[in-house]
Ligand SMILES: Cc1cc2nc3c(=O)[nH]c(=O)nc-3n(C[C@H](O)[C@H](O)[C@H](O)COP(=O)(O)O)c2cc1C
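To begin, one chain is listed below as structure tokens, in the form predicted on its own.
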């Protein structure tokens, strides 16, 4: 039995274990028996297995789901295999600098904590635990409109300016009020999400919902999102399907925050974002949960970077699990990389301590990749360090 459990633990640490079969469930149960200290978790994949065991099924379904058959969700992971690192040798890498500065945000790591809504569904620490972990480890944080926690409290816990991710609703007066509130809370940028103009088909979420025998109302009764306090949300939609590119200019008329467009996947839209005055772009397919394109964001990144041509920063999220994933994105021209699910796995498994462990693990892997490739700073990681298989534009 001991050898069998060791074997299961080994498999649980493998990136090949991505489905939740009965066998995967057994792996998770084995981990749950053995791993009670976040310091014993060796990678994001183990943390994911622990999170699935400890987060209620319906809540984990919301976190884990893609859309339709989850092909784009998987494409985000598979895309990294299409790029290979080209290491250089006999370089003095005794000192490695992972700091970045993006639109005035100074961070100790190029890994930004992406917006994930309803973090109170994963652990009682919720967004405050995430913010405190970000502060402890020197990471930048973007807070979701759908946060379980007031933006003012999160900004205080972070102890430094955060960015605000915006679902505009379909009422402009709500957009203005949320922008004003975020700016008053100290946010220095708004990240307008544009990749959900309509509904989505989240089948994995629906399947895991069936496994949950709790009364859904016990969680959601009276749990309105704090960002909507004081807004008229009667009959309002979370997103506005009528938005066009002029929304960038309209937002700039009512806020001094930088306006970042989140959800760009093609060069043509990247060029339009620059033309209409965006201050930054996030290459994103909403973690594979907007449209089932079958294309990973890392595959979209080269054409977006080429279209922007250095005029504004480009951030990318979607499928990142390893330090080598981060390295590849930086080599392809990203200014920073967004993590969403990984830190929420840590949150769900251990609260704030789990978030900190995830950040430590991936930063360690990034430093190893940098040293092994002969790069001493994030700015040194260029196209020269990646083989792109013809993706470069």
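None of the values given here were measured: they were computed from a predicted structure. Positions refer to the first chain, counted from 1.
Form predicted in complex with this ligand: not shown, discussed below.
The stretch among 356-364, 42-50, 322-330, 341-349 whose residues place heavy atoms within 4.5 Å of this ligand in the predicted bound form is 341-349. When this ligand is considered in the predicted bound form, only one residue from 280, 120, 79, 287 comes within 4.5 Å through any heavy atom, namely 287. Screening 193, 148, 255, 202 for any heavy atom within 4.5 Å of this ligand in the predicted bound form leaves a single hit, 193. The closest heavy atom approach of residue 116 to this ligand in the predicted bound form falls within 4.5 Å.
In the predicted bound form, residue 334 stays away from this ligand, with no heavy atom inside 4.5 Å.
The shortest heavy atom separation between residue 262 and this ligand in the predicted bound form is within 4.5 Å. Though the partner is left out of this view, residue 127 does not reach within 4.5 Å of this ligand in the predicted bound form, counting heavy atoms only. In the predicted bound form, the residues of 56-76 lying within 4.5 Å of this ligand by at least one heavy atom are, in order, 62, 63.
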